[in-house]
Every structure is written in structure tokens, then in C-alpha cells.
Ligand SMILES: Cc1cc2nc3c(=O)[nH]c(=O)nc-3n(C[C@H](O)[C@H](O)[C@H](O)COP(=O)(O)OP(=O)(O)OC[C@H]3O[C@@H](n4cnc5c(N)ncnc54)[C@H](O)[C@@H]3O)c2cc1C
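Here we start with a single chain on its own, the form predicted alone, put down as C-alpha cells.
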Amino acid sequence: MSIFERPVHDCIETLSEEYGIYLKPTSHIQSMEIFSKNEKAVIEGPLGFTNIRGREQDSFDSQLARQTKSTIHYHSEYTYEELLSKHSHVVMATGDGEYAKKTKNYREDLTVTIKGAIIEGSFDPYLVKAWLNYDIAPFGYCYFIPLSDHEANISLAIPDLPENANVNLDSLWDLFYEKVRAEFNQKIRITDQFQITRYPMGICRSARIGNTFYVGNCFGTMMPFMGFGQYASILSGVYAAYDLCGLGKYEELMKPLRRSYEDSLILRRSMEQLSNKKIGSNRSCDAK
């Protein structure tokens, strides 16, 4: 969502015009509905884009792979240490912070457990929804993101806090699923499900150590507040390339992304101090 990337107003346009990276989103977002326990807010306008991730033909992953001229070696078994011994530079981009933790260059701030599903129904592809309701996602959030006019992703994410130690994720999921069915007043059908347990969120102490560049979630581009970070992740790869080509210093280029992460962490910690009563009251509002 571009509202989290200011002063950039259109991430897709910026990637194209400034960096020569051409991505085709699934759709653009024209409206976002945010629900607390008792309140609803509606934000309208050009808010950002939706896209598919993973091995699908139209996913951002596949689109980026098709634009890569270098050979991609799938199922590689090389370790970081082996690569470091054979090459002048290594870009570490393994998708999470585990390897950065192994190299003692990672500050883990929290872990998150996520349960999600692909659903079928009748949807508006330009509308996304989010729930900040601690009855169904204590100190976390839920969201609905359409993939088309008949398919969507729903997810529930909660931080692994001591307060959530005895939470039953399956029970929360059942509440959320019923909330979604009631919201759309449809017989929503689940076609696929997934769960991620204790996914680490944090940031590297140093963006570069020696000739190793930590990029993407290896660096810490996922924002702790709402989990955004695709644009920042791609930028980190661009900045590593800039450094390798002598066009800038990686540590300096990454400073704005580091600040964004720290700001998001403040919002994350603020959410942990809230309750349903503080998030919303018995009134409805529109913000346009």
C-alpha cells in the first residue's frame, strides 16, 4: 500500500520509471474498510495495489524471475560460507532473518503466527478489508485481499506475546471466518489453507558486513505494524546492485528503510498497549 511508502505515491510507477523493474499487479486498491470491534472506517482513493506471491505464473516472484537475465540455480545446496569462499561478494536474500541470526547480525523484535486461506466467492477486486478487533486477533489484525472477482486471501496474524500464550488459534480462526462470511453474506468456500508459526521479525544491526549484503527480509524490510514490505524489499536489492556497480554506499542508501522499520515498530508497540475500547467506540465514520 502506497500510503505506507510516502513520499512515493505509486510504487509500481516508481519501480518502472526509476529502476527499470516492470511489475503487473493483480489490481489497484480504490477502497479500504477497517473494522474495530464497534467501529468502521472507510478510506477511498488510489491506495496501492494487490498482487500474487509464490509460484503462480502472474506472481511478482515469477515476473521478477522473467526479467532476470542471469541464470537462476534452483535447489542450490551451497551454504553462505561456501559462496563467501568462492566469490568476491555475496547478497544474502533468503526471505527471512534466520541466516542473519546465524551470523550474529540480527535483532529479533518479535515473532508472529499467521493462519490464512484462499477463499471463493463474489468479490470487488478493488476493495480490501482489515480488522483490528482483539476479540478475534489479540494485539494483531486480520485482512481480506481479493485476488480476482471470485477469489481472495484471508489471513489472521497475532504477535507471540506472553498475553497470547494460551490463545487457541483455531478458535480465533473460526470466529474470523464466520465474521468474513457474515460481512459478505455469502457461502464462502475455502480452497486452500496455510499456517506460519513464530515467523521472526527484526532488523540487521549492519546492512553490510565485509562484502556480504543483507537484503529483503534478511535485512528486515517487513514492517512490524501491518506486515507490509514488498516495495522496501525490492529497493534493498536495487541498492545492493547500486553499491556493486559503484553507484552508492549500501549502508547509506538503506538508512531510510531502517527508519521506516523503526517507525513501524513504534506503531507495533503502541498497538500492544491498546484494547478494543481504545481502538474504537460505538460510532461509524468515513475518511476520504
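The first residue of the sequence shown is number 1, and the count goes up from there. The shown structure was predicted, so the numbers you read here are calculated from the model rather than taken from an experiment.
One more form of this protein, predicted in complex with this ligand, exists but is not displayed; see below.
S.K.: Counting only non-hydrogen atoms, which stretch in 210-218, 123-131, 102-110, 171-179 is within 4.5 Å of this ligand in the predicted bound form?
M.R.: After filtering at 4.5 Å, what remains is 210-218.
S.K.: So which of V167, L84, I118, I196 gets a non-hydrogen atom within 4.5 Å of this ligand in the predicted bound form?
M.R.: None of the others qualify; the residue that does is I196.
S.K.: Sort through Q230, S27, S62, S36 and report the residue having a heavy atom within 4.5 Å of this ligand in the predicted bound form.
M.R.: The residue in contact is Q230.
S.K.: Would M222 show up as a contact with this ligand in the predicted bound form if we use heavy atoms at 4.5 Å?
M.R.: So M222 counts as contacting this ligand.
S.K.: For L161, is any heavy atom within 4.5 Å of this ligand in the predicted bound form, or not?
M.R.: The answer is no: L161 has no heavy atom within 4.5 Å of this ligand.
S.K.: Contact with this ligand in the predicted bound form for R53, defined as at least one heavy atom pair within 4.5 Å: yes or no?
M.R.: Result yes; R53 sits at the interface with this ligand in the predicted bound form.
S.K.: According to a 4.5 angstroms non-hydrogen atom cut-off, is F139 in contact with this ligand in the predicted bound form?
M.R.: Contact with this ligand, no.
S.K.: Using a 4.5 Å cut-off on heavy atoms, which residues of 161-192 contact this ligand in the predicted bound form?
M.R.: Counting only heavy atoms within 4.5 Å of this ligand in the predicted bound form, no residue of 161-192 makes contact.
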